[in-house]
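Starting off, we have a lone chain in the form predicted alone, written out as structure tokens.
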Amino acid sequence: MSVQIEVQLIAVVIAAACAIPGVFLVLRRMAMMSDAISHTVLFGIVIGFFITQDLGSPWLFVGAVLTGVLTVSLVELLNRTQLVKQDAAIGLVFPVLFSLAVILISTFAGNIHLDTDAVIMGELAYAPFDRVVWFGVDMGPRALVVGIALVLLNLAFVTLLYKELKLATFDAGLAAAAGFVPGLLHYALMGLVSVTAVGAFDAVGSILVVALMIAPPSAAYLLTDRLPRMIGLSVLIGAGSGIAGYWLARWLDVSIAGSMATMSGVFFALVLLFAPERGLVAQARRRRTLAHARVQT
């Protein structure tokens, strides 16, 4: 398989993995939580490295996921005081944890390959060269294997807890009355976002993780009112953004991750303009038709 195809496959599976939990973040009006988690997990990676002194240790992954949960917990703690709104709480928590990570790297790990620029931007072009070999068999790029695992994990999570997630997302009070535990579901979902962010940003960087978690679900939200269809459209739009971004990057000779993030924004803008029911063009047409009807009467 050529490097070009592998890079595009990685982009597609990472986009799908990010889009699935991203749908629930958008519906819960917690889009910026993905930005917070995708940055603060660096703090967990740094702490895990200081403990193990091994960049390949699985404890770095565990530390990153726990830091994502810590981020959510701190945001919820500030929000419950009713002195700080959720968006402000996010803006307070994630810069602190991310800045601590950057300070720790620059002070104590300057000679170690913990590059904050790589974490933020990522570099998909190099992803195919990091292979997974099991028992002498080349299983493919590590990022592709991880991406497929993330897609399966996210699909299993949503499938098993679909009823609970749907009810807790649209009416947490009713979910609690029905015997569900909305708080537990919330933290489970945020844990899933943390796992997805950690697994994805090693290849694509935190900026693209945020773009793929938010832009495709936001576009899908303008196209449908049905949750299953919204999830499917989010995956398709994310995959299309990945493929289009790759070829845009080749054409302009620029960052692949940056081009993919750009194309996710372009696709959202097109949907915002031309969505059949909720697009700006459709709304303008309805206003014009209504105004014309009033004139006629």
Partner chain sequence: MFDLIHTLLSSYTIRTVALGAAVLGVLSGTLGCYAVLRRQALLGDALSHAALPGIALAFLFTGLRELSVLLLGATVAGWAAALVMMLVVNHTRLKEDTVLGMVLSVFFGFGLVLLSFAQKQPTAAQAGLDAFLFGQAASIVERDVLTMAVIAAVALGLMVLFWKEWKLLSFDPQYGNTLGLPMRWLDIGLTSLIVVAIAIGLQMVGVVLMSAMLVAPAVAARQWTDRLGLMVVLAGGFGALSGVIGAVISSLARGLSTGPVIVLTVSLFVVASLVFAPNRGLLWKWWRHQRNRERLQGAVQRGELVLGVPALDETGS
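Positions refer to the first chain, counted from 1. What you see is a predicted model, and the numbers here were worked out from it, not measured in a lab. For clarity, a rigid core is taken as the largest C-alpha set superposing within 1.5 Å between two forms.
The next section is about a form of this same protein that is not shown, the form predicted in complex with the partner chain.
- Contact annotation: of the candidates L236, I243, L70, M30, the single residue with a non-hydrogen atom within 4.5 angstroms of the partner chain in the predicted bound form is M30.
- Comment: the partner chain is not present in this chain, but in the predicted bound form one of V151, L222, L185, V145 has a heavy atom within 4.5 Å of it, namely L222.
- Within 4.5 Å of the partner chain in the predicted bound form, a heavy atom is found for every one of T81, P95 and F268.
- The partner chain is not drawn, but in the predicted bound form it has no heavy atom within 4.5 Å of V133.
- When contacts are judged by a 4.5 Å heavy atom cut-off, D138 does not count as touching the partner chain in the predicted bound form.
- Interface residue remark: I51 is not counted as part of the site for the partner chain in the predicted bound form, having no heavy atom within 4.5 Å.
- In the predicted bound form, the partner chain lies within 4.5 Å of some heavy atom of V210.
- The partner is not shown here, but in the predicted bound form the stretch 255-273 reaches within 4.5 angstroms of the partner chain through a heavy atom at S255, G258, S259, A261, T262, S264, G265, F268, L272.
- Relative to the superposed core, L83 undergoes a C-alpha shift of no less than 2 Å between this form and the one not shown.
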